[in-house]
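Given next, in structure tokens, is a single chain: the form predicted alone.
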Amino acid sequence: MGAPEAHRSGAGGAIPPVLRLVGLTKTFGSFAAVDQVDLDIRQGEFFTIVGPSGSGKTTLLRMLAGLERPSAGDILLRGERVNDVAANRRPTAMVFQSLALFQHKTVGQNIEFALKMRRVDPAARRERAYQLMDMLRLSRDYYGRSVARISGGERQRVALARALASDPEILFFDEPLSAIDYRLRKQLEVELKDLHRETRKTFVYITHSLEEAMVMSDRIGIMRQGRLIQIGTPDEIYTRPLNKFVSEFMGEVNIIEVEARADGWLAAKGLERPLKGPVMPNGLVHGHLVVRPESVRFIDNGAGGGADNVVAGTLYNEYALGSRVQYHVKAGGRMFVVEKLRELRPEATLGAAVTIGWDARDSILVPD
């Protein structure tokens, strides 16, 4: 699946993409790790590719960076085919998951490495390193310090500075935040988004975390079995998933298997009452109703409280999430997830009978 036609070159005078993939494929024997991928990435965009392990996202990124050669298809950089151009001859840089810093070198030597290879004057190299250290909130006192003696977050910043040192057009990121703790990861997500805004460069980022992608990205591509199965803004991915796989990949959502009934309602697997939801598309009799946790509410009187759909169950557990609380409600042999602001928490205690409900307009009907 490619980018919308309105963003392709020649479509109503639209600006050509900085990076275009046409039928990009990578095979290993009979296995297609990347399978006929079409994609346009815009100048200055933060584009994130999300997928589970084995979906092909790392192989795709390595081809874009020049570290793997495509088996078929083309990579076009500003309209020029770069399939056979070596990584060090492309105006791009990559931040690896392992960071790949030189452990025997100082912070400054790591940042300046690409500039030294290009025979840039030492004074100019140092000045560029200082500029990047200021931008990335690294004290200039770290310039002569060994990278083996700095923290994980500081190492991340050094890797970013090194990638930016040669002023690349495009930065590629191979899950750079996956191996650090939650608090630092959330901090660096914000800093990466700020860095993107400040530099105005094109970022292509891969991760297995849709939450991470939602925070930082302009657009997201969901990858499965070597193919991009949905591309859209974070809001489009979250509110209009194309199928059950994307819905499940969004995290903890309520997914109910349903079948069409003659009266227009939906028969729900495991629930006694039929449900009201979007109309089944012509020819589709089976699907999945997706209801986000924040769209489900507790109903005090059990009589519906104005909700289109009502389910009786038991309050099984609750989990504090800072300003929000997540509740698990056991009903019809399944567990519903409900999420509310802390001040809207129900009075019911664990094990108590509760009634939950949601409106048809707050649900999405997706195929398998």
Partner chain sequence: MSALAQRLAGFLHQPGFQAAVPVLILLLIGFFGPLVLVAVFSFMPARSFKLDGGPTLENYRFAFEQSYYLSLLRSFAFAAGTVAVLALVCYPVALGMAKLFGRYAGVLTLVMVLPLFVSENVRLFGWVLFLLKGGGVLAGAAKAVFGIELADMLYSNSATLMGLAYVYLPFMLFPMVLGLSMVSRDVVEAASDLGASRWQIMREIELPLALPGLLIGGLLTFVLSLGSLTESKVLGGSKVIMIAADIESAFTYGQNWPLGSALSVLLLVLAGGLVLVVLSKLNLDAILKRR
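Quantities reported herein were computed from a predicted structural model and do not represent experimental measurements. Numbering follows the first chain given and starts at 1.
One more form of this protein, predicted together with the partner chain, exists but is not displayed; see below.
Exercise. Quick one: does residue 157 come within 4.5 Å of the partner chain in the model of the complex, counting heavy atoms only?
Worked result: Answer no; every heavy atom of residue 157 is more than 4.5 Å from the partner chain in the model of the complex.
Exercise. Taking 4.5 angstroms as the cut-off for heavy atoms, does residue 119 touch the partner chain in the model of the complex?
Worked result: Yes, residue 119 lies within 4.5 Å of the partner chain in the model of the complex.
Exercise. Is there a heavy atom of residue 254 lying 4.5 Å or less from a heavy atom of the partner chain in the model of the complex?
Worked result: Because no heavy atom of residue 254 falls inside 4.5 Å of the partner chain in the model of the complex, the answer is no.
For this session: Using a 4.5 Å heavy atom cut-off, state whether residue 65 contacts the partner chain in the model of the complex.
Result: Looking in the model of the complex, residue contacts with the partner chain include residue 65, since a heavy atom lies within 4.5 Å.
Exercise. Among 160-168, 187-195, 202-210, 259-267, which stretch has residues whose heavy atoms lie within 4.5 Å of the partner chain in the model of the complex?
Worked result: Looking at the other structure, the answer is 160-168.
Problem set entry | Selected contact from 244, 105, 240, 137, since only one has a non-hydrogen atom within 4.5 angstroms of the partner chain in the model of the complex | After the contact test, the surviving option is 105.
Exercise. Though the partner chain is not shown, can you say which of 76, 214, 93, 231 has a heavy atom within 4.5 Å of it in the model of the complex?
Worked result: Filtering the options by heavy-atom distance leaves 93.
Problem set entry | Residues of stretch 87-101 in contact with the partner chain in the model of the complex (4.5 Å, non-hydrogen atom) | Heavy-atom contacts to the partner chain in the model of the complex: 87, 88, 92, 93, 94, 96, 98, 100, 101.
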